[in-house]
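Coming up is one lone chain in structure tokens, specifically the form predicted on its own.
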């Protein structure tokens, strides 16, 4: 791990206490300061040329005041005491009781240290650009059909500080690094695209663990393989999801419906169903922000609560929902560590972290062998879900026909159409080959990094929106 010393606090202890006191000067139930310092670096190589090389830094604080059911919020890029007091006064405008306020006392908290071996900010840009060129060469070397390659690199360091009138005082130092490769292959059937990425909550040591050339070759092979793809079947068929590839389906089709803001608004198919059997007994669904290295990992959430492992569905039975401070307060319970925000300019809301189905006991190869006919999905693309009904649509980006228990011909991209709770009930086999995949989750205009995962599993029937007769 890094021996980097903790950075200076974004805001001094005494200043935080005075700002929180000012935020409550008109009364109010709770005041909170969320400060952030984010540094980013990005680079893009396209058609063998560096098309983008950028770096940026953003600092600021958001101040929240809660009065009953009402929230006041203001943000500022000025981290001086005067700038923070002005934002506190603006946020406090929702409180009109004319209260005398109260003195806020904060305890001490350990300073955050980045949990990485090599801070990307200490790595020369030339080394980062060399990764792009290596990936480009490896992708083009996968076959003459590859006609276009785009490689992207990015890293970020996000320092956060959270303090509230409830005595919360917490810091975190989050470092993330990623690489993505997109390839276009051209043949008699036109152009096809393949994509692969690697993204971890790690420093530049990520590239000691990951073979950049293999990441690029995998993207190229996906594009080349689609040149010979046949139309996907249409109608309901058994679907086998490869380990790691289908986690996004359960994130979207099930995870969002278990977020407490949807639950308290009765806008989820899972409202009021704790204790009920909602899935196959083979399904245990977990959200866990503590999984080191995964894309949704952090030490504390954006309300200062420690990351936690939350079991949502256990052996098919719904056990709990995901909670932030605001929704948990209404229910008289603790937050589950799922209050997240895109930046200091946003209010926190209930969000997933790393969401995954636990592995089972089946051999992945046997799951395929015991499927006479169906579709094997090696990689899913994006999708969307209606949380009130659980209905979803997802695109496939790499899929194959299963015939007589064997994976055979590649299929053109198609859609999976179904219902989250119904899919959970139709899982009849779960493998041992658990894997995770990174993603970016969008909700109400905010995006945050998340991880998704599962082992190879079979769904007895999902509707494929293919074009084959």
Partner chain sequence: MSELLELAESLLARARGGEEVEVYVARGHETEVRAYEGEIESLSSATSAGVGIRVLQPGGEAGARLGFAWAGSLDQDVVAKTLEEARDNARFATPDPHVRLARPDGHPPADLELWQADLLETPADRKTGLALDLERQVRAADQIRQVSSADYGDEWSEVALASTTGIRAFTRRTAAYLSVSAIAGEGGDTQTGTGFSVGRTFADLDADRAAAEAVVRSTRMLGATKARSGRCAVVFDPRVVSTILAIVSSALSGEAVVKGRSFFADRVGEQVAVPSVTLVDDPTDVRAFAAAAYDGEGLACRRNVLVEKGELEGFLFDTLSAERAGTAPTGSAVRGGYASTPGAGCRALVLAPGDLDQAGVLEGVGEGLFVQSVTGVHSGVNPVSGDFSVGAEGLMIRGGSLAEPVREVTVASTLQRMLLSILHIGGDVEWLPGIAAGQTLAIGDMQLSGN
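Positions refer to the first chain, counted from 1. Predicted model, so just to flag it, every value in this text is computed and none were measured.
The form predicted in complex with its partner chain is left out here; the points below concern that form.
Student: Taking a heavy atom within 4.5 Å as contact, would all three of 81, 310 and 448 count as contacting its partner chain in the predicted complex?
Tutor: Checking in the predicted complex: none of 81, 310 and 448 is within 4.5 Å of its partner chain.
Student: Using heavy atoms and a 4.5 Å limit, would one call residue 70 a contact residue for its partner chain in the predicted complex?
Tutor: Close contact exists here: in the predicted complex, residue 70 approaches its partner chain to within 4.5 Å, heavy atoms only.
Student: Can you work out whether residue 52 and its partner chain are in contact in the predicted complex, taking contact to mean some heavy atom pair no more than 4.5 Å apart?
Tutor: Residue-level check for residue 52: yes, a contact with its partner chain.
Student: Residue 221: heavy atom within 4.5 Å of its partner chain in the predicted complex?
Tutor: Close contact is absent here: in the predicted complex, residue 221 is far from its partner chain, nothing within 4.5 Å, heavy atoms only.
Student: Spell out, yes or no, whether the shortest heavy atom distance between residue 406 and its partner chain in the predicted complex is within 4.5 Å.
Tutor: No, residue 406 is distant from the partner.
Student: Select, from the options 27-35, 398-406, 43-51, 428-436, the stretch whose residues sit within 4.5 angstroms of its partner chain in the predicted complex by heavy atom distance.
Tutor: Checking each option against the 4.5 Å cut-off leaves 43-51.
Student: Which pick from 369, 109, 334, 129 sits with a heavy atom within 4.5 Å of its partner chain in the predicted complex?
Tutor: The residue in contact is 129.
Student: 319, 315, 197, 148: which sits within 4.5 Å of its partner chain in the predicted complex by any heavy atom?
Tutor: Spelling it out, the residue with a heavy atom inside the cut-off is 148.
Student: If you look in the predicted complex, which residues in 241-274 sit within 4.5 Å of its partner chain (heavy atoms)?
Tutor: Read in sequence order, the residues that approach its partner chain (within 4.5 Å, in the predicted complex) are 264, 265, 266, 267.
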